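The chain that follows stands alone, in the form predicted alone, written as structure tokens.
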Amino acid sequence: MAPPMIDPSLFDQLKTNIEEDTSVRKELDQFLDDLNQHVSLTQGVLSRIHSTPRAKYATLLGQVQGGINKEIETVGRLAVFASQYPYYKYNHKWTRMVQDAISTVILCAWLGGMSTESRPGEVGRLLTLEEIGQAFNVPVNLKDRDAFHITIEEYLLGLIAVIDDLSRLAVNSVTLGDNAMAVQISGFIKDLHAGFQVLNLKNDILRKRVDSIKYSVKKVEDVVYDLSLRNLIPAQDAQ
């Protein structure tokens, strides 16, 4: 009797590999379900900033910090698990959720939260990529090993999401009588837009999102211009 043309063990091994991959994906889904819940709750609390006077930020940001702490804990557990497997095999599953988590931390810090002894809370503080890595206690922009990390693209996309939020806050802060906040946001967004222009971006999604920043710049410029016409801010602050 002639031997089989295909070794039967080939499909046994493929079956094992498929089952292992399915198990990993299910485990990742559980981490991401948890992270999604924490991010959604944090974003919900952060959204109240649009109807909260600046004098009450401290109380609100304390609540935001509680949600961020849960995000950080979940990302830490995700990092430990995901680092057992090839990064680029599964990173597409978590990258969007990680971007959203990053944006909550950047926005919280900009509003005066995420303060430390060395970096006291103050409105307008922008966390760097490295500081985001420190906040989540995970590596950033890894090149020397295959493990979970926060990428430059995730940081930049999270930052663009914050720009969208701040352009909305500029309008709502004027409604609350805080014209100075609108002016500060305008200057900040302009500086970020200028910074993005010097980047040589290869990521198509990132390039498209960067293109959208100009609409946020225009939106906030219009707010500040209207305030200037009504003499509601000093001329030098409107620059």
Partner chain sequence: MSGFKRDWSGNAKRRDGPKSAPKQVVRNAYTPMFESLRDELDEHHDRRERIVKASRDITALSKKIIFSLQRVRKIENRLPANIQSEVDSRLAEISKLLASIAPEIQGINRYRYSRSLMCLEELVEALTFAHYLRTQTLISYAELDPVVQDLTRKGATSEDQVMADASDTAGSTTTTTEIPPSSTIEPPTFSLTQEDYLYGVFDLTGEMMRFATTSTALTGTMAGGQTENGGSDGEDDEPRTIVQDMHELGTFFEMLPVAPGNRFQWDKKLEVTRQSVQKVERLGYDRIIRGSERPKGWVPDLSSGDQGQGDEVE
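Bear in mind the structure is a predicted one, so any value in this text is a computation, not a measurement. Residue numbers count along the first chain shown, from 1.
Same protein, other form: the form predicted in complex with its partner chain, not shown, and the subject of what follows.
Engineer: Residue 146: heavy atom within 4.5 Å of its partner chain in the model of the complex?
Structural biologist: Yes, residue 146 is a contact residue.
Engineer: Is residue 80 close enough to touch its partner chain in the model of the complex, meaning at least one heavy atom pair within 4.5 Å?
Structural biologist: Answer no; every heavy atom of residue 80 is more than 4.5 Å from its partner chain in the model of the complex.
Engineer: Quick one: does residue 195 come within 4.5 Å of its partner chain in the model of the complex, counting heavy atoms only?
Structural biologist: Because a heavy atom of residue 195 falls inside 4.5 Å of its partner chain in the model of the complex, the answer is yes.
Engineer: Does the 4.5 Å heavy atom contact test between residue 31 and its partner chain in the model of the complex come out positive?
Structural biologist: Answer no; every heavy atom of residue 31 is more than 4.5 Å from its partner chain in the model of the complex.
Engineer: Considering its partner chain in the model of the complex, find the one stretch among 124-132, 67-75, 165-173, 94-102 with heavy atoms no farther than 4.5 Å from it.
Structural biologist: Of the options, only 124-132 has residues within 4.5 Å of the partner.
Engineer: Which residues from 84-104 come close to its partner chain in the model of the complex, meaning a heavy atom within 4.5 Å?
Structural biologist: Residues within 4.5 Å: 86, 87, 88, 89.
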